[in-house]
Every structure is written in C-alpha cells, then in structure tokens.
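We give structure tokens for two forms of one protein chain below, kept apart as structure 1 and structure 2.
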Structure 1
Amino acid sequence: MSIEKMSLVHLVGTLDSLDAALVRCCNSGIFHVEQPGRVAKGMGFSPLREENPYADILQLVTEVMGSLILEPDYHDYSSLEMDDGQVREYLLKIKQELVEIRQHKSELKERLTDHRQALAQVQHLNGLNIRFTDLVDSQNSKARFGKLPADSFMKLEYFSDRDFFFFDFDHDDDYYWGFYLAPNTEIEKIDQLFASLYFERIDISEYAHETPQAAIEALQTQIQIEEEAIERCRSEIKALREKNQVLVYQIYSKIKMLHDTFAYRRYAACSGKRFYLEGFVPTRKAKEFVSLFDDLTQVLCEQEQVKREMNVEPPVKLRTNRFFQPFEMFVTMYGLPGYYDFNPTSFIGFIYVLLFGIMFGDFGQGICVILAGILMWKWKKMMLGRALMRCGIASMLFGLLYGSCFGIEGCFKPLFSAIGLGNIFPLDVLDSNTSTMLLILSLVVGIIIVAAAILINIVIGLKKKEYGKALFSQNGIAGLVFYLGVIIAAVLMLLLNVNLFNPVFIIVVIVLPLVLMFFHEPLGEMVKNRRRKRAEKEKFSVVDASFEMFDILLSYCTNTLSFLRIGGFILSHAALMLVVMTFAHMAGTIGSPIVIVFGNIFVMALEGLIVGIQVLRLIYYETFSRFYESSGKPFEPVKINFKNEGNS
C-alpha cells in the first residue's frame, strides 16, 4: 500500500560501449530513462544527436513483412548468420518478387473490374432479343453502350432536334444505363455531344456478337478465369511467406532490437568519447541492476536512493497487495499520485468491494459475478475481471446476510438458526424497520469514509509539510473537528437527549474551526514561516472566502447524504427481484423458470453496471476530491516493443 521507492542510476562510459549498455537496460525491464539532467550539464555533457542508421533497413523489413502479411513479433535470432549487406540483398530480392506478383495481381484486378462492369451492362440487356452484331455494326447506324449521369439524362430534351435515340433500360439515383443509336454520318458529332454530357462508354465489343445471353456467358467465363488467376497470385504470396517467414522474423527481431536501442541513444549525453545516461530503477532491484554492468569494464554504473532534497521527479510505480491490485486501474484512470504522496489503491479497493457487496448483495448473483470476472480475465485479460471476482465475493457475503439467492428472499434461515443468529439474520430488507436501519447505516458508512479521507489528507499534508492543508483546510484538522463534532453532538441530542451545544463547545468545535477554515490560506503561509509577498497577499479575498465557506458547509452535507444511495440500492435490488418473482409466479410452472433466469440476467446486467458506476462515483467525488492530487508521472521502463513496427 505504498509507492515503489526509486533509486537514481547514473551510467558513465565510453561512447562505443553505449549500445551494449542500452541493450542491458532494455533487457532488464526495470530502467526508466530520463533526459540528461543537471548532473550531466554540470559535468560538461551535451545531448547526443545522431541519425538512426537502422531506420532504412527497418522500414524495408517491415515493408516486406507487411507484403507477406506477417504480424510483427519477436523470434530468437541467435542463429542468424548474415551480415548487413546480405540482409539487405535478401530483403530486396523478396521485395522484388513480391512487387512482380502484386503488379500482376493489380492488372488482373483492373481487368476483372472492367469485365464486371461490362457484365452488369450486358445483363441489363438480357431481355432484349436481338443480336449485338445487328445493333452495333448496322450499315446505317452505330450504337454506343454506357451510362449517363442522371443530371445529363434530364438535359436530353434540349437536344431533341438532333439525330439520335437514347434507350435506357435501367437507372439508379446517379446514372441511367443504356445505349444511344445514331446514323453513321452523325456519329462523331453525337459522340462529342454525349461525351460533353459525361456519358461513360463501356466497351462490350469484345464479347457482344450474338445475343446478350451469349455475351453474358462469355463474360462470366472470362471473369472466372481472372478470379482464378488472382487466387493463384495469392497462393504464390502464401508460398513465399511460408518459405521465408522464419528468416524474415529473425532479421526483423535483430534489426528492431538494434534500431530501438539506438533510438534510446537520444537520452544519452556525451562529452568527447564519453557518454552519460541517467534514469530510475526500483530501489529493491537497484543492486541487481547495477550488477548487470559488472562485466562491462568500459561502463561505470552507480545508484543512489532518491531523497526529497535532490530536487528530482522520480516516476511513480504503485505497489499494492495482491488482493487490491486490480483496483489500481481506478487510481490510474484518475491520474497517478505524486511520488511523495499516498497510494490509495488498497483504501479505494476496500471501499469498492465493501460498497459493491452492500449494494449488490445476492449470494447467487455474486457467484455469477465471480464467474463473469473469471471469464473476462482468462479470455480477454481484462483487469476489470479480476476486480469483479473480488466484488462477487463481497456480493455473496452480503447476500448471505440478506438471505437472498437469485432473488429468492429468506434463504439461509436454517443456517443462521443453527448458529444461533436466527433472530437477526437473514435481514428482511423490505421490512420498514430494517430499511430505516439500512439507510442510517449507509449514512454511518458515509461518515466513516469521509472522515477517513480527511484523515488521509491530514497525514499527507503533515508529511509534505503543507500545514495550511493539514491543519486549517476543510479537509484538515479544523474540518475534521467541525464535521465530526457537529455530527456527534447532533446524534447525542437526537438519540440520548444530551445537549452538547453549550458556549464552550460552540466556540471550540464550531466557531474556531470555521474561522480557521475561512483564513486557511494566510494561516498556512504563516505556519510555514514564509513572508508572504505583496502580490500573494492581494490574492486573499473576503468575498471569495465567504463563498468558499458556503460551498464547504454545503459539501459536508451533500457528500454525507450522497451515501444514502447505498441503502437505496439495497432496497431497489430487493424490489426489482420481488418484481421478477411476482412475474415468475404469474407465468405458471413452465414460464416461471424462464422468467426467473431472464429476470436475474436483466437485474444483474442493469444493477451490476449501475452499482459499479455509482461506487466509483462515490469514491471519486466524495473521497478522492478530499486528498488526492494526480501529479505523478508513470514508471515506464525502456523496452523493445517487437509487436510495434514503429519507433519505441
């Protein structure tokens, strides 16, 4: 339940050993590289600027892989015995073969498109019982087949005095398909006219001699031949892939390693023949990391534990116990905490599981949630699946207390009777007394969570020496005293008739904290013993502070009342299942199981989603807003991403 402690690592060595050092950094999987900082500048190092010599060859190999339809991935290349020249020659040879096949395929595809268009054209004429030769090669006239834009078709009326006939046999929104006939003496002019109307001719002369049916058959045969030829091209590519894939993968892995490692050289600073590289590694693995360079005599590796005075910004790696680890995604979704802050994963994981269980308490449905979680995790590797498994356990436990299993209320009574708790459990949540108690308990849970969030803020504030925040703010000691003081006094007065609201209590627990909260900014500065600059002094405004106070008082109420939804969801879950059961009862003996199954699925899907979102909302709004600052940068160790063909 903390943030991984980091050590700053310095690597110094000769420039020709930089690549070897970087390969070890990448392979370690724990080195987070940084831009050279002040240490490098102080020692006279300057950034290294070079062009990556492996960029061309990487592009070539990825191009070849793309053409061979090979997904980028790592393959062991220790057996590869080709030098750079041989690799380039080999890749160019494959590329040339692929280009030839593709070119042939593209020509075939073009011809296929033409023939398909021609077929579509001739199919429109299928009903026409006439020989093409009679139509096209008539002694006195000529026919042109094609399509005319719909806009141009409208304009044919304008040319009604010209010597042509246009026969359309089909049309859609954009085109009219057909042919025009014109006398031989006029055909050139009519061709020009139709060209100006954007008539697109389709040449069918090659196939259209006899009837349309014969032309259709000829075209279909031709299309089939071309499709088979395209299929042969695909097979050739497949054969080429099978023959070369092992070697291509090995080349890719080697080139990618060299390329990406070289790309990390931009993080190195150099001075003469020496390089300097710095980064962070987790402290508990720092010694192990340093030992990686023991046999590299040209490289010196040193590490030092990060301290606040060093004025560096280490990356953040959350360290959470196994049970709550899946809930890290909710924290990272909000933004990582600062390196010196608090890792709230276990805290929010606990709240999430608890509230989910309370709000979605059903033994049977809890089992289903666990199963869904297992499937999501095993099949899709979704972290949410792991979180759901934990939530499902809580649902089962609370389902046990509510005596609810797949909506059948009052289960487990014998179990509780056997252990002597039959008078209390299972709870009948729809009973008016129980439901009132549940709502009050929801508020209590809310108060505890809000108070815990304020406490966390106080601890963080004191740790970071931000006294204004820890002592005087609404989420500091002043706020906590006011919040808990008012609630305790009100509860005592309502339940035990004990009135704590005497002048001393009012001054100490209500007025004083309010005054401190009102002036928390200037007071914080005073405690820090720092003379406030004139400009800062002017920032404090009584009007702003007054509005802020109003907002603070309102937010205490609303934040607490917000937790009433916990009780609300217990009741709505029970009510929804009651509706399902009523319908099941009405559906008779055959329909009843179906209604129960589908009703349960519906309620689980609907409520599971809503409860999941509502709990997250409670955590983000009512707790995170009180202490959390997402100012951390993620810990991203350098590595070679073989699945990505681009730069790392």
Structure 2
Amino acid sequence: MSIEKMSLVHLVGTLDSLDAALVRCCNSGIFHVEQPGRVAKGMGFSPLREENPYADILQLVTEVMGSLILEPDYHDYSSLEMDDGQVREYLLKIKQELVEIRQHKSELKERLTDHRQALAQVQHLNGLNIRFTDLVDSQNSKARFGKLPADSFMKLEYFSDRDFFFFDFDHDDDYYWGFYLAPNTEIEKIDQLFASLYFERIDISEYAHETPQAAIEALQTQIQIEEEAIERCRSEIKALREKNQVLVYQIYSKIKMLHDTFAYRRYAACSGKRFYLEGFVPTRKAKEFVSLFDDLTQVLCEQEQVKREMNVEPPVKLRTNRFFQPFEMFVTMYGLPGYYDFNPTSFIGFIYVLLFGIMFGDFGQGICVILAGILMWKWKKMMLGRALMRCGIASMLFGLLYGSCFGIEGCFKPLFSAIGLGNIFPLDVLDSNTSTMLLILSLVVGIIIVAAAILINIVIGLKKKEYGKALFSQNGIAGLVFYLGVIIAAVLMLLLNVNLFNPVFIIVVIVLPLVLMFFHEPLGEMVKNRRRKRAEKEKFSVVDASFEMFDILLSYCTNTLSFLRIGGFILSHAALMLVVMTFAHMAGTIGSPIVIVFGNIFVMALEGLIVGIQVLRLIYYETFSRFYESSGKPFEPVKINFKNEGNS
C-alpha cells in the first residue's frame, strides 16, 4: 500500500548512439522519459529538433498492410537484410500491384452494379414480345423505355388528345413499366410532357437489339462473368497477401521501431556530438536498467535516488497488494496521488468490499456476483470484474451472517446451532430490535471510517510539513478531537448517563478545537514560521472563516448520517426479497420457481447497481475528500506500440 520509489536516470553519450540507447529504453518497459531539465541546461545542452525520416516509409508500409488486410503486429525482424532503398522499392512494387488489382476490381464492380440495375429494369419489360430494334430503329417514330409513377399513370387520360401511345407491361403499387411512342415531329413535346409526369427513362441502347427475354439472358451472362472476375481479383489479393505477409510484417516491425524510437529523440538534448537524456525508473529495477547499457561503450548511464530536496516531480506508480489491486481504478478515476503522498488503494478497497458485503449480504447472490465478475474479466478483461469477485466474497460472508441465500431466510440456522452461535446468528434483519442495532452499527462504521480518513490526513500533512492542514484544520488533530470528543460524550450520556459536558471538557474538547479550526490558516503560517512579503500576504477574512465554520459543523453531521444508508440498504434488500418470496408463494407450485429465479435476477440487477454506486459515493465524498489530493502524474514508460491504437 505504497507508491513505487523512483530513481532519476541520466544518459549521456555520443549522438550516433542515441537511437541504440532509445531502443533499449523502449524495450526495457520501465523508463519514463522526461523533458531535458536544469541539469541539461547547466551542462550546455539544448533541445534536439529533427524531422522524423521514417514517417513516409511507415505510412507506406501501413497503407500496404491495410490493402493486404493485415492487422499491425510485431514480428521478429532480425533476419531482415534489406536496406532502406530496397524496402521502399519492394513496398512500392506491391502497392502498384495492389492498385492495379483494386482498380480493375473497382471497374468490374461499377459495371456489375450498372448491369444489375439494368437487369432489374428490363425484367419489368419482359411482357414485350417484339424486338427492341423494331421500335428503336423506326424512321417515323421514337420509343422511350422507362417507368412512370402510379399517380402520373392515372393522369395520362387527361392527355389523350396528344400524339403518343403508352404501353405498360408491368406495374406495382408505385410504378408502371413500359414505353411510349411518338412521331418524330412531336417527340420533343412528348418528352417534355412525360418529364413533367416524372417519367424515368431506362437506357437500353447497349443491349436493345433483340427481345427483352434475349436481353435478360445476355445481362445475366454478363453479370456472371463479372462476378467471377471480381472473385479472381479477391483471389489475387489473397495470394499476394500469403506470399508477402511475413516479409511485410518484418518490414513493418523494423520501421515502426525506428520511427517511434526516433520520435523519442525530441526528449533528448544535444551539445555538439553529445546527447543527454533523463527519466525515471523504479528504484528496485534501477540497477537492472543501468546494466542494459554496459555493452554500449559510448553511452554512460547513471542513476540517483529521488529526494524531496531535488525539486523534481517523479511520476506515480501505485504499488498495491494483489487482493486490492483491482480497486486502483477507483483511485485513478479520481486522479493519482502525489509522489510524496499516500496510496489509498488498499484502504479504499477494504472499505468498498466491506460496505458492499454489508449492504448486499446474500450468500447465493454473492456467488452470482463472483461468477459475473469472472465472466467480465475472462471475456472482456474488465478490471471491474476482478473487483466484483472480491465484493461477491464479502456478500457471501455477510449473507451467511444474515442467514440469507437467494432470499430464503434462516437456511443457515443448523450451521450456527452446531457451532454454538445459534442464539446470535443468523440475524433476523427485519426484526425491530435487529433493525435498530444495524442502523446504530452503520453509524459506528461511518464514524470509524471518517476518523480513519482524518488520521490519514494528519499523517500526510505532518509528512509534507503542512502543519496548518495536519494540526488545525477540520481534518487535522483539532477536527479529530472535536469530532470524536462530541460523539464519545454524547454516547456516554445516552447509554451510561455519564455527563462529560463540564466546563473543562467544553473548553478543551469543543471550544479550543473550534477556535483552532477557525484560525487554521494563519496558525499554519505561524507554525511553519514562513514570512512573506506584504504583497504576497493574504488578508484573513472573519466573514469567510465564519461561513466555513458553519459548513464544517454541518459536514460533520451530514457525513456521519450518510452512513445510515448502509443499514437502510440491508433492510431494503431483505424487504425486496421478502416481496419476491411472497409472490412466489402466491404463484403456486409451478410458478414459484420461476418467480424466485426472475425475482432474484431483478433484485441483483437493480440493487447491485445501486449499492455499487452508493458505496462509491461514500468513498469519494465522505472519505477521499478529507485527505486526498490528486496531484500526481502517471508513470508511462516509453514503448513501441506495434498494434493499432484502438486494439492496444
């Protein structure tokens, strides 16, 4: 439950060896590169600015892989002996072959589309039993083939005095297919008339020689020829892919490595023919990293442990025990802690598992939660699935204490009777005495969690020498004394009739902490003994401090009462399952199992989601807000991503 200790690594060498050094940094998987800092400037180094010479060839090989339908991935390229010129010539040759095949395929597809559309149109003229040429080649008249909207067809009778004939051979609800004849002297006027009626002409000049039946057969033959030609194009591309994919993958892997490592040169600084590069590596692997450069005689690699006085900002890598590691996603969602802060993952994970189990306590449903988590992790690699496995275990344990398994209450009574705890467990959640006890215990759990969060804030504040935060704030020692003092005094008065509210207690435990919280900012400055110039001093506002005190007192109350929802969800879960069992009893022998199954599914889906959200809310608002500052930057080692961005 800590933050990985980092060492600052310095790499100095000849500029010719920079690429080799960067390759080893990328392959190590543990080097977080930084922009050149004050060390580089003090040594006379300046930032390196260059254009990447591998950008064009990487784009070329990527285009070739896309045309060959090859997914980007890494292949060992140690046996590749082609130089840059040979690689470029080889890729251009493949690209040209692919362009020709695809261009031919595209032309075939266009012709195929045209012929399919023509076939669909000509099939509507199948009722015409004369040759197209007998109509098209007439010297005294012109024929126009096409389709006419159904509503326009009905309007033709209004133009019966015009010199044309319309012959229809097929129709549906929307169109009439056919042709119209008109004398050569009137054809232009008739064309204008039919255009106004939205007549759509069909160009049949390419195959208007014989009857429609012969044209249909000719089109079908042509379509078959073109489909076979397109399939041959696909086979050619497939053969080209199978023949060249190994070599293309090797070229891609090498070029990608060269391109990405060259891109990291922007982090290097140079002076003459020397380069300087710095970054962070985990301290426990620092010696291993330094040893990677032992055989590079022109590169010197040194490391030093990061210290607070170095005035550097190391990246943050969380170290969490394996059980609570899935809950790092909740921490990173809120933002990473600072390098010198506290890794709260185990603390948060424990609270989340505990509260989820308490609020969603059912042995059988807990098993289902575990199975759902396993499926989410195995199939989708969702970190939430691993978290659900832990939550399911807690649900099973508390379900055992509540005596609930898929809503069937009391099924664990024999177990507890056998071990001598039958008078205590399982708990009858809906009993009035038990319900009151659960609500009180919910408050106790909330008080412990709030107090623990304040203690964490105190430790962090003292560690960072932020004494105003650690000693005098509402989440410091003053706030802890006031919060726990008032609660303990109230509990003793209510349960044991012991009155601690005497003048000394009121002054020491209530008044003094409130005064310290009221003046926590100026007091913090005094303790640190930090004198600032008048222009930098912030004027203390009594009005602002008064409103802040009101908010502090209100938050103590609301934050504590928020934990009552824990007991509320215990009762609501039991009540929902009681409703399910009541309906199951009413459904009879046949319907009862169906109601129980679907009732459990409904309760798990509804309440499981709500409980998960509510626990997260308690963590973020009632816990995180008391001590957490998301000021860290993530540890991102340099690497070569050979796969697509979306699939990585």
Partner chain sequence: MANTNAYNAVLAKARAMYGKHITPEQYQEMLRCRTVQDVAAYLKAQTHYSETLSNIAEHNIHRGQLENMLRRAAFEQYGKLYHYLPLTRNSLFQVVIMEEEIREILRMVLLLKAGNPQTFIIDLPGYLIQRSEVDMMAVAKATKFDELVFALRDSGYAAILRRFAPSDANGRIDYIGCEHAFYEYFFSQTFAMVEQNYKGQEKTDLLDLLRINVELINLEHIFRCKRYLKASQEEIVKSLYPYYYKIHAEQIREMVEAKDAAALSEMLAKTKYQSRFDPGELPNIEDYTKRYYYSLCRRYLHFSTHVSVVFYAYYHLNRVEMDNIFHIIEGIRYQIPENEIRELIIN
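None of the values given here were measured: they were computed from a predicted structure. Whichever C-alpha set is largest while still superposing within 1.5 Å between the two forms counts as the rigid core. By convention here, residues take numbers in order along the sequence of structure 1, the first being 1.
Asker: Which depiction, structure 1 or structure 2, is to be taken as the form predicted alone?
Answerer: The form predicted alone is shown as structure 2.
Asker: Would you say R274 moves its Cα by 2 Å or more between structure 1 and structure 2, aligning on the core?
Answerer: After core superposition, the displacement of the R274 C-alpha between structure 1 and structure 2 stays below 2 Å, so no.
Asker: If I superpose the two forms on their rigid core, does the C-alpha of T332 end up displaced by 2 Å or more between structure 1 and structure 2?
Answerer: Not so; T332 is displaced by less than 2 Å.
Asker: Quick check: A218 between structure 1 and structure 2 - does its CA shift reach 2 Å or more after fitting the rigid core?
Answerer: Superposed on the core, A218 moves its C-alpha 2 Å or more between structure 1 and structure 2.
Asker: Please state the CA displacement of C233 between structure 1 and structure 2 in angstrom, with both forms fitted on the core.
Answerer: Shift of C233 at C-alpha, rigid core superposed: 3.5 Å.
Asker: Rigid-core fit: what Cα movement does H115 have between structure 1 and structure 2, in Å to one decimal?
Answerer: Displacement of the C-alpha, rigid core superposed: 5.2 Å.
Asker: For F165, give the CA shift between structure 1 and structure 2 in Å, the superposition being done on the rigid core.
Answerer: C-alpha shift for F165: 11.6 Å.
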